[in-house]
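One chain is shown next in structure tokens, namely the form predicted alone.
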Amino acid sequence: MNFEFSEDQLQFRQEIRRFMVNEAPLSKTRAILESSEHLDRTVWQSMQAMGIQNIMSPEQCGGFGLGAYELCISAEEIGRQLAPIPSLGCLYLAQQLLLQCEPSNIRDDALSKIGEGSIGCLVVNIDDHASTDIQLADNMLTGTNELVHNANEADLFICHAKDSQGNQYITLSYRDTSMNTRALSLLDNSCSAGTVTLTQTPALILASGDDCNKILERCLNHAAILLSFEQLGAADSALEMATRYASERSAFGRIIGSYQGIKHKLVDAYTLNQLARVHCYYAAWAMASSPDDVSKAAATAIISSSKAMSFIAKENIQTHGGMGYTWEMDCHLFLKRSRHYAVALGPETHWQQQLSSCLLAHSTC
């Protein structure tokens, strides 16, 4: 079992990092916060030209057919720049669910459209994916979901629905006049979420029956792993910002990084980041090679990466002192994003319970 990336994958990381630094600097995230938009479509289209949306899509859908490792690497680099793009709703949720479905013309067409730059979203109850308020009757959807990531920008809506007999379905719909989306006000408005209301919306069936819960569970675990890599990248970037400032700023004739109150906190942050990296790499391996370990690996990855990002986002502000609280500094960008991502796929208690269940099941084998 080797958790190191290959030389080709490390070269791929360098190319993605160079691309994201040039195309999605922090100034673009700041510009989004100062506007009424929730994403930078120029960055998204540049990513499409780079082929990032096509990394895991099969070749018959116009994709590269690469594995989980390459998308995990991309997610980490997206996180380093806090890129204002629909990565969570589209790449981590909608696309991952489509990849879990059986190949079909409907599925392949949706994957092709995402690869061409269209935005997808997943209409599902994040906190309890077995339940849904979306009803399916005569291939028409009706109902409301209160929290859907990137719903306002989405062109494709993948929905979890039930019919009057309680049978489950996963469906695909394209935006039309029967849909209504209302944007939610978030702490980090460089991310996007909204309420989706469907009224007799035409639906295409992707999956049905008992397989729906298994597909949704795998999708949410994969999304947690990819989001963990994005948080890992953001945590590393925030730590670099804090370390750089602590190495340059002087107080009372000394570089502030020489004071124990600063350097011990930065070491604590580094330790949390490295622990998160171990869990994220294990989760990437499980996603690529060991489906039986994905549930446990996803829980450990998202718990550890959320803790790491939350800690350094706060300590980055503290390291910058009074200036760190001002709008002029970029520290608040990391704090806002850490608070949003900490609950984006459900509260920490949900993932703690999932991890406990996995460990308990393993101990009784």
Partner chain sequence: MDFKDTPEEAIFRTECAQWLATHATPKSAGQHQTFDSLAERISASRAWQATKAANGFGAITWPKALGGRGGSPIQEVIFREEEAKYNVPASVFNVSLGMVIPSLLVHGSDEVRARYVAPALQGKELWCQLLSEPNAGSDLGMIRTQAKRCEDGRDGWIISGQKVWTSFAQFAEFGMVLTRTDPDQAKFAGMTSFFVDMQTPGIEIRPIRQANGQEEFNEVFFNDVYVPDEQRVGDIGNGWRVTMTALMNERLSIGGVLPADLWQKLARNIQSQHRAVNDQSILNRLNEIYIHAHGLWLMQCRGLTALGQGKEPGPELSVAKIIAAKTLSDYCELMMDLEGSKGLLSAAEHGSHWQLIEDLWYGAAGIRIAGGTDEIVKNNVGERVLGLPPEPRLDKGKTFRELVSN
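Numbering follows the first chain given and starts at 1. All of these numbers come straight from a predicted model, not from anything done at the bench.
The same protein also has a form predicted together with the partner chain, omitted here; what follows describes it.
Here the chain stands alone, but in the predicted bound form its contact with the partner chain, taken as any heavy atom within 4.5 Å, falls in 235 to 243 among 235 to 243, 146 to 154, 119 to 127, 175 to 183. With respect to the partner chain in the predicted bound form, the three residues Glu15, Leu99 and Val343 uniformly fall beyond 4.5 angstroms at the level of their nearest heavy atom.
Proximity of Lys307 to the partner chain in the predicted bound form: non-hydrogen atoms within 4.5 Å are present.
Remark: Lys263 counts among the residues lining the partner chain in the predicted bound form, judged by a heavy atom distance of 4.5 Å or less.
Taking the partner from elsewhere, Gln352 is found to have a heavy atom lying within 4.5 Å of the partner chain in the predicted bound form. Under a 4.5 angstroms non-hydrogen atom cutoff, the partner chain in the predicted bound form has Gln274 among its neighbouring residues.
None of His160, Arg80, His279, His222 but one reaches within 4.5 angstroms of the partner chain in the predicted bound form through a heavy atom, and that residue is His279. Proximity to the partner chain in the predicted bound form, defined as a heavy atom within 4.5 Å, holds among Ile255, Leu187, Ile205, Ala137 only for Ile255.
If you take 60 to 77 and check each residue for a heavy atom within 4.5 Å of the partner chain in the predicted bound form, you get just Tyr69.
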